[in-house]
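Next up: a single chain in structure tokens, the form predicted alone.
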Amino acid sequence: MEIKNILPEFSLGLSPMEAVTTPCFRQICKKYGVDVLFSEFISSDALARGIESSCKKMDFKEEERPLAIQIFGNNETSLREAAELAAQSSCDWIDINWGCPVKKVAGKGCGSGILNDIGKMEYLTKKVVESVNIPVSVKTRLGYSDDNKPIVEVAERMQDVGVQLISIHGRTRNQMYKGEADWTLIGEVKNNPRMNIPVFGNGDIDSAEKMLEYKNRYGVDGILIGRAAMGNPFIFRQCKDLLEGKQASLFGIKERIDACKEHLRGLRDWRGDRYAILEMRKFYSGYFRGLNNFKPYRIRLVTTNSYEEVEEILSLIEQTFDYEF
């Protein structure tokens, strides 16, 4: 099986994010039209050691397909073992994270830290490809720093060792998530005549209108949406609307509340009340962005430690507001 054979002509994807792309949120995004899903990123060392919380991140349901399990690491043995375990989950392919910029990851030569050693990146990727009988993709960045952006060469080398899809975040490691994503180099990778695998772009896509603009401008095979989808699975429906030549949908308060409650309950079922209460706090702004006079309710939602009170506040919001946005 080749990845490109199970993808639509143009793919909308939910970018993998730690403690965001959990099974319940992925399933909600799927309802709103996302084409491609990824697990949270999983430490290959932890997976190889059988750490329960890491193994649990490989859980997914059939309706989430196509779905990739994303792993990260810097050790050949544990990367290969983790890839083999991920392949046993029956995911559609394995994605290697060569893009995470946070210090505790990149500082150990994992994630985008590997961009200081392209030879090792190529070697480790090749070993993962050779260790499994399902496809492998990679997600990476333009380079490590402003004076080190070898992404065109990196993409060629990834393809040469058997990678079947590359996703590129348009920033360097040193940029973290600051400044503006540079899509010109993503476009260069896509338009490189040597490249024949799908190229996905990522970075700064915060609206359906921008998705369409960047799709047309850079010609990528897919676009991953990350932070703009947090608490906003509706963005995928809006993207699909524009791709189909329609106006972007608006969503009423009831639909937003229903999605939010489904998310909350999914997190509770997955890891318990306390986990759900704490993890949902970063999503409320997304679910209710654009709702006038929402601040008092948000403060209550992010300060209560009672699961029942969270549900009560959400029901109160539904009763108080009645318009689309």
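From 1 onward, residues are counted along the sequence shown. The shown structure was predicted, so the numbers you read here are calculated from the model rather than taken from an experiment.
Separately, the form predicted in complex with a small molecule exists; it is not shown, and the next lines address it.
- Put simply, of Val220, Ile225, Ile166, Val154 only one has a heavy atom within 4.5 Å of the small molecule in the model of the complex, and it is Ile225.
- Contact annotation for the candidate site: Thr22, Ser43 and Tyr275 all lie away from the small molecule in the model of the complex (no heavy atom within 4.5 Å).
- Taking non-hydrogen atoms only, Gly143 never approaches the small molecule to within 4.5 angstroms in the model of the complex.
- Within 4.5 Å of any heavy atom of the small molecule in the model of the complex lies no heavy atom of Arg173.
- The small molecule is not shown here, and in the model of the complex it never comes within 4.5 Å of any heavy atom of Tyr123.
- Among heavy atoms of Met17, some come within 4.5 Å of the small molecule in the model of the complex.
- Of the candidate stretches 200 to 208, 143 to 151, 239 to 247, 129 to 137, only 200 to 208 contains residues with a heavy atom within 4.5 Å of the small molecule in the model of the complex.
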